[in-house]
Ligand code: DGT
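Okay, here we've got a single chain as structure tokens, the form predicted on its own, with questions on binding and movement later.
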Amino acid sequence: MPVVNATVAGIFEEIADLLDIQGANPFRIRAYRNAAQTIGALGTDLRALLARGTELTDLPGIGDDLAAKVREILDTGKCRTLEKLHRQVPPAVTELLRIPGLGPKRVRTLWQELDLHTVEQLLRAAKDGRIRGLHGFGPKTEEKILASAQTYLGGSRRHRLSVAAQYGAQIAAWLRSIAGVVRVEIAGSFRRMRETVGDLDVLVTARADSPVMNRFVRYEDVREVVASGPARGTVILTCGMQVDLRVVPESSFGAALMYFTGSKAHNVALRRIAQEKDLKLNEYGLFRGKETVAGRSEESVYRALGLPWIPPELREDHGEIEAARAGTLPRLVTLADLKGDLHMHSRASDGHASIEEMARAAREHGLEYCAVTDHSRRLAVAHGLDSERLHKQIAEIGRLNERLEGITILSGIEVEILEDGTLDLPDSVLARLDIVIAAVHSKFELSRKRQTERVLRALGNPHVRILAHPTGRLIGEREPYDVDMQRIIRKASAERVALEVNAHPQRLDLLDVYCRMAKEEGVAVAINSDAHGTLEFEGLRFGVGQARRGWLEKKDVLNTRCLPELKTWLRRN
């Protein structure tokens, strides 16, 4: 079975969940969770790393035992440890952990006391009033569980963009290897670089004699074939992701790519324009009666509608058609535009590599400069730096800059914003750094007013130059904390502080709508990896995708500047 990084990470995460439900050793549980996080954040396929000679034990948190399990999963698609746990705990029970308010202890109680295995069973038990009598629950908890379970079952399952990218890349490569296949493209929300993807829409052109559809439904990773026909097929992968394949003629490929890229609102607007011109637009092409006007390429369809080609990331009917008509579409930032990365961590705090190793990795990714921004002292779980350790790190960076070629390291800190809005380190220390980024990592539950005032006060500190991951969200895990982003963006404008688009696949924070607000207010945006290891710079492409969804151009992005221009900006108070 094809195995991607997300497969390995998912197996390790499930092992950790099952061990947690059993009440196993916390250190063992944490080892699996850390390994899952490390592998899930890798921007390079594990097989590709092994082919390059990288040892699995070189990866942070991967010892000999876990390395052996990774190889077992890569070779077989399975893990004996997980299979053993499945014999001890029903595998469906882990899904209960996805319900807000249910931790491992409560899930264990629900399973052992009420024999609940699934979310559907949980919902029935809550409706019947059987949960409130359990120790540690009660009527209010039961009511919350009922609401959460209903919300969970009512929503469609979505996958993080980075996870969808792994499965998409593998299935696209496999399809391209099939005889007669000419072209393969992934459309849908994936092509629009949405933070999460519901399913993968794959378009193919192929010769008439190509066995592509027969091969598609027999793909090794298919768990279920939903539909199969001469030109259309739908399958469910073992991870639960749906993949829709459509084989289209070359003459219709552009129209089909446009149609299946969406969004629905963008497509509706385009069809309205076509109707105004007495034309008909659908997935097969643009027609005047029975005559085909365009369809071979997206450009030809847009041109026939009187519009320039619109980048997929903008196709949300949020003003892109009006901008296209007016000739004011933005020239969106690209990955190649980035000259540096202003947020990364070393082994000094919670990173997994030395400063020199991180700098060399940044250089290998084509960057000219990088900023080491380890955590400050208050974030004890990340071994944050106090003033003394930070002074030593500044000196180390100075020595590295004297001998490293092709990359300049900036000294920095990701300083904690305390509950009252003050910073975790004194101004006298912050003044010695090239760059200071401020961040919230605690007290997410503060009221909107208090949380907003907290951030506003931090932005008023003259040493703060960037606000990191401004909403604090973790996709699918933690909602953004409640702040007035309009006030924060305007304060950032007044104080000449940049906002970060954190490219870590779990964050992709700033939201696209706030990127656009920042652009309109003249606030610079920094696209940063938040890398904790040398293999995480690959994630910058997802941050660029988020910035493009927010209409950002090269001129709007702080770290597209060359180093002298950046230093001038950083010195500006």
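None of the values given here were measured: they were computed from a predicted structure. So that there is no doubt, residue numbering starts at 1 and follows the sequence shown.
Unshown form predicted in complex with the ligand; subsequent notes refer to it.
Picking from 80-88, 423-431, 188-196, 321-329 the stretch near the ligand in the model of the complex, with a 4.5 Å limit on heavy atoms, gives 188-196. Using a 4.5 Å cutoff between non-hydrogen atoms, Phe260 counts as a contact of the ligand in the model of the complex. Contact annotation for Asp201: at least one heavy atom lies within 4.5 Å of the ligand in the model of the complex. Interface membership of Thr471, defined by any non-hydrogen atom within 4.5 Å of the ligand in the model of the complex, is ruled out. Taking the partner from elsewhere, Arg288 is found to have every heavy atom lying beyond 4.5 Å of the ligand in the model of the complex. A heavy atom within 4.5 Å of the ligand in the model of the complex is found for one listed residue only; from Arg450, His365, Arg271, Arg106, this is Arg271. Distance criterion of 4.5 Å from any heavy atom to the ligand in the model of the complex singles out Asn267 from the list Asn267, Gln170, Ser300, Ser493.
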